[in-house]
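Just the one chain here, the form predicted on its own, laid out as structure tokens.
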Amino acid sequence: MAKITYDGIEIEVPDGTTIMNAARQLDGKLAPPAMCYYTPLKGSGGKCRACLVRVAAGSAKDPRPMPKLVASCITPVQDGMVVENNSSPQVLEVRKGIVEMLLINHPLDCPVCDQAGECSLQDFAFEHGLSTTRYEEERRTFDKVDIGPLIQLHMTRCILCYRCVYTADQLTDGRVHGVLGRGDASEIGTYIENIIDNDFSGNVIDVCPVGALTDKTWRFKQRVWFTKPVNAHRDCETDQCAGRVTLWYKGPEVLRVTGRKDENGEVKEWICNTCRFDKKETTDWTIEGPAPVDRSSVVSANHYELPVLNQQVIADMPASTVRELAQNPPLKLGGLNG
């Protein structure tokens, strides 16, 4: 085991744990942002630089600080290490630059992007970005490429995180897409215009942190914050398919099916295309209940009730909070408005 200090908080984790995963064990909200790292995908991480942190002390044996910021997703902890994330002005300043770099060529099409409301880049830009940009050149453009009837590719939105490539590599035997070209000409493609049609191809949609790969069967049907996510499962006959999903309802209709994500926004159990694209009737599934959603997420708006609070909890709340909750129709508090 190794003891480290992360933003002034001491934590003990197994040897070999990365700084990122150590922070997630402490509190997911305190962890550095991750745009390319994805725990289930071997080899991911170290590309987007969004998770850079400052190591103020390398270890108990060698307390010297590391000379440069390091990527927390690929840097293992050492006993006695001191890590600065949000407590370091240098880290916060660098993150502003990372956001600016990612947005240089990213189109401002959030109003028509199906990823809006659950986009990691939106969250990253909101938390660490600037309201202005210094970039004055033309944005990068690409020819449209058809990669099949189920997945829509928008290359202008891609940040080259490689998640979709690793997913296809590690879930299927015949990957047909990858990163073509070099430098600012790099793009996701199939080279000879093949279609991506293997049984687990839909998982590239779940791992994409932006709107570069989206579900054609869900395309332009509804905004995510108007839908209600519900956890469900079924006995799938496809090997390796977990059969555990999230159904996204609008009224009685299932508009889309996605893999079930954990508190870090990662899918740990992959699902097949049959479950994702063909099973969109409630009768196909065993419903488990509403999917847990972060209260700060736009997905939670108007869908979930706060738990019933006793009078002592209400008495401990600031008067402004009690007044706001009582006046907000979507929220129901026991003891306030029933």
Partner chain sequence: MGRKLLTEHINVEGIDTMAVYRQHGGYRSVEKALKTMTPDEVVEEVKKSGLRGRGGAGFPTGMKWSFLAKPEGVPRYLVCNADESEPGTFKDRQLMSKLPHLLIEGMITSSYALGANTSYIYIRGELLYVLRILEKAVAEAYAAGFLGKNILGSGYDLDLHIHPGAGAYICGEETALLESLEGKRGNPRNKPPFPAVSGLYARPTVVNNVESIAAVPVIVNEGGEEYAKIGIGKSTGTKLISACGHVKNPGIYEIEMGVPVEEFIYSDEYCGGIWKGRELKAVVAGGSSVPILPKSLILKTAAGEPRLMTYESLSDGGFVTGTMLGSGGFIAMDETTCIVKNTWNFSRFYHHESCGQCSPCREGTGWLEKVLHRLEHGHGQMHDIDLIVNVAKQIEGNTICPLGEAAAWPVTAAVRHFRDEFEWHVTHPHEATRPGAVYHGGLVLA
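Numbering follows the first chain given and starts at 1. Remember, predicted model here, so these are calculated numbers, not experimental data.
The same protein has a further form, the form predicted together with its partner chain, not shown here; the description that follows concerns it.
Shown alone, this chain has one stretch from 178-186, 258-266, 239-247, 219-227 that lies within 4.5 Å of its partner chain in the predicted bound form by heavy atoms: 178-186. The three residues 148, 164 and 204 each lack any heavy atom within 4.5 Å of its partner chain in the predicted bound form.
Contact check for residue 68: a heavy atom falls within 4.5 Å of its partner chain in the predicted bound form.
Although the partner is absent here, residue 101 lies within 4.5 Å of its partner chain in the predicted bound form, judged by heavy atoms. Its partner chain is not drawn, but in the predicted bound form it has a heavy atom within 4.5 Å of residue 48. Among residues of the shown chain, residue 144 is not one whose heavy atoms approach its partner chain to within 4.5 Å in the predicted bound form. Checked against its partner chain in the predicted bound form, the residues 97, 80, 117, 107 give one hit for a heavy atom within 4.5 Å, which is 97. The partner is absent here; in the predicted bound form, the one residue of 159, 125, 196, 168 having a heavy atom within 4.5 Å of its partner chain is 159. Residues from 122-148 that approach its partner chain in the predicted bound form with a non-hydrogen atom closer than or equal to 4.5 Å are 134, 135, 136, 137, 138, 140, in the order they occur in the chain.
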